[in-house]
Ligand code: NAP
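First comes one chain, alone, set out as structure tokens in the form predicted on its own.
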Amino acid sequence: MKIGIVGLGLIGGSLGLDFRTLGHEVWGVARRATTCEAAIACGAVDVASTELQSLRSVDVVFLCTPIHMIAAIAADLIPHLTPTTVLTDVGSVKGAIVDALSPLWPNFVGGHPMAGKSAVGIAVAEPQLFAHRAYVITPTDQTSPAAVALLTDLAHSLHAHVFTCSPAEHDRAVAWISHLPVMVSGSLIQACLREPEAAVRQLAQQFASSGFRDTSRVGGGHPELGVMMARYNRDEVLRSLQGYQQALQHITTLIEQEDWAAIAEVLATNHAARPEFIRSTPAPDIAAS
């Protein structure tokens, strides 16, 4: 199969490495010629170009650009595709993308491989990045069943755990476990930076260990990713933030009331519930999925 990848960064490059290992022919497109050269050199693609028309003969195209660029790139790409070409994306927000692209191309299928790293770019692409991770496919009633089947087969070939749901369900679920953590984690860093005593702030920086490192990691990731989450999944991010504020206010009230038994009950509930959210293989250093 001939597979096209637009955007040769971490996700696009990692897809290319795996698909080439599986015997597919991979054609890449990037904005910079140097990125194309690096992608060829590291084995992520067979052929790379800065021109979208180079993908005119591929069977499927993965759009692996930042969210805000996907719709415009798709519109420029579609005139060069054959009618049977399947088009998909890897964006972490699905509603806005599916709404924009579905009317443009009948063989478009929304997708979201939930894997990543805090670093970005072709230099950090790696094989097996998607193995044992969730790969979410978000068809609508109008989506071509054949296109869904093709993407499902390709995702399974990556050894990913494939899930299918509506774009709205995806965005609401991902807000809780991906977008909200980025906002909360970032707010933790902001709160620490607002410590008025410089000496105390410096001590906190020196004392910070695994607890702070774990809880602040996603909030200290690539800024553009966080902005795209808030911008394109605004309603669900706000909904999840409101839910978090309520939970935070509840624990604040219990501490103010010195209700240690109630706090213990909350923490016991958390202890019991957490495994249900982390049953899959631990993900790599995800900045934003």
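Predicted, not measured: the structure shown is a model, and the values here were computed from it. Just count from 1 along the sequence shown to find any residue number.
Only in words, not in the display: the form predicted in complex with the named molecule, which the text now covers.
Only one of the listed residues (A230, M69, I40, L254) places a non-hydrogen atom within 4.5 angstroms of the named molecule in the model of the complex, and that residue is M69. The stretch that touches the named molecule in the model of the complex, counting heavy atoms within 4.5 Å, is 113 to 121, out of 143 to 151, 190 to 198, 164 to 172, 113 to 121. Not displayed here, the named molecule is kept clear of A155 by more than 4.5 Å at the level of heavy atoms in the model of the complex. Heavy atoms of R31 reach within 4.5 Å of the named molecule in the model of the complex, making it an interface residue. When contacts are judged by a 4.5 Å heavy atom cut-off, P139 does not count as touching the named molecule in the model of the complex. In the model of the complex, at least one heavy atom of I73 sits within 4.5 Å of a heavy atom of the named molecule.
For the three marked residues, V6, L10 and S92, a heavy atom of each sits within 4.5 Å of the named molecule in the model of the complex.
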